[in-house]
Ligand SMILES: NC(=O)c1ccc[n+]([C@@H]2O[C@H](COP(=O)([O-])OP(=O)(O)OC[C@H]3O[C@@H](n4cnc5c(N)ncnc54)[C@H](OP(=O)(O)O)[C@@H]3O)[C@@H](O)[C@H]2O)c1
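As a starting point, one isolated chain is supplied in structure tokens, in the form predicted alone.
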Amino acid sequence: MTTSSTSDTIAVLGLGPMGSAIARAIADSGGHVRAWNRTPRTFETVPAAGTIEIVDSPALAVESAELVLICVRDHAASREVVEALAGAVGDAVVVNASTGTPIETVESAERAAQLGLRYVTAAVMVPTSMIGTEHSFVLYAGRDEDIGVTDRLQAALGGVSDVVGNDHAVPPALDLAMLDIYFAGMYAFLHSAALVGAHGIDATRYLPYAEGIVETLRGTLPGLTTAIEGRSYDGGEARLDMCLAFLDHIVTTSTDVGLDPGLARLVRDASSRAMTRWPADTDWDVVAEEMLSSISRRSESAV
């Protein structure tokens, strides 16, 4: 077993859907992949431009590799892999692309540092079908000298590679924040489609209206950003009492057709609480204060 990276091999540990997509993208770009999975896996078609070598153990996978990519179920599983490989990876850079929370990723990075490993956190922001295409989007955090070793991986994955600094909490925080919007948006669309469907409007007819309001939302985001960064809610664009009335109507209309109000009720209740603390003509954006204050209180209690 060598203790230094002497080849251009990239080891991929974890051959679930994302790990397999990454391995294929590396091979398609002409790279050599040595891969391992907890349960036996095979590739039905090995890309012609490169090679994917399946081995029986993680130790064999990392031998002489210049880069080790871990893509397993979660950070509890990835830490087990890191612990097992600590003495075998040598000077190779370990890129952990496993899914986790910001706290978990920081803990994993701290443990890797204790083990003397060169370590990078990655967050893959796209589905497997976009890996290796111009639509790929991956976030990286780590030391500059370690990020530099990932150039071949970044090129193979294609699209955008966004290096966000040395704070290992940032990639998962951004990943989960964007998924927060994504899942809430999808749920809101499904809920709204059911709402109009109850009044005889099919989803196809409704779609252009939904797309239009999404564009309106897009134009609203810069103003919301300014409001929460300045903690100022006096732009006069959307009064709290007016928005609360709209939300009451959504909740009532949903209930009238037998539909759980869902997110609308959650937002309505947050707006109602804000009305007990702020003047009616305050911008609706002030609902952010409840969230921001709860984070501040938690931070203060942790000190």
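Since the structure is predicted, the reported quantities are computational estimates derived from the model, not experimental observations. Position 1 is the first residue in the sequence shown; the rest follow in order.
Below, we turn to the form predicted in complex with this ligand, even though it does not appear here.
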For this session: Consider the chain as shown here, without its partner, and state which of Pro127, Gly87, Gly223, Gly185 has a heavy atom within 4.5 Å of this ligand in the predicted complex.
Result: Pro127
Exercise. Which of Ala77, Leu174, Val149, Ala227 has a heavy atom within 4.5 Å of this ligand in the predicted complex?
Worked result: Ala77
Problem set entry | Close approach of Pro17 to this ligand in the predicted complex, 4.5 Å, heavy atom | yes
Exercise. Does this ligand get within 4.5 angstroms of any non-hydrogen atom of His32 in the predicted complex?
Worked result: no
For this session: Would you please decide whether Ala112 lies within 4.5 angstroms of this ligand in the predicted complex, comparing each non-hydrogen atom pair?
Result: no
Exercise. Can you check whether Asn37 is within 4.5 Å of this ligand in the predicted complex, heavy atom basis?
Worked result: yes
Exercise. If contact means any heavy atom within 4.5 Å, which of 104-112, 161-169, 199-207, 119-127 contacts this ligand in the predicted complex?
Worked result: 119-127
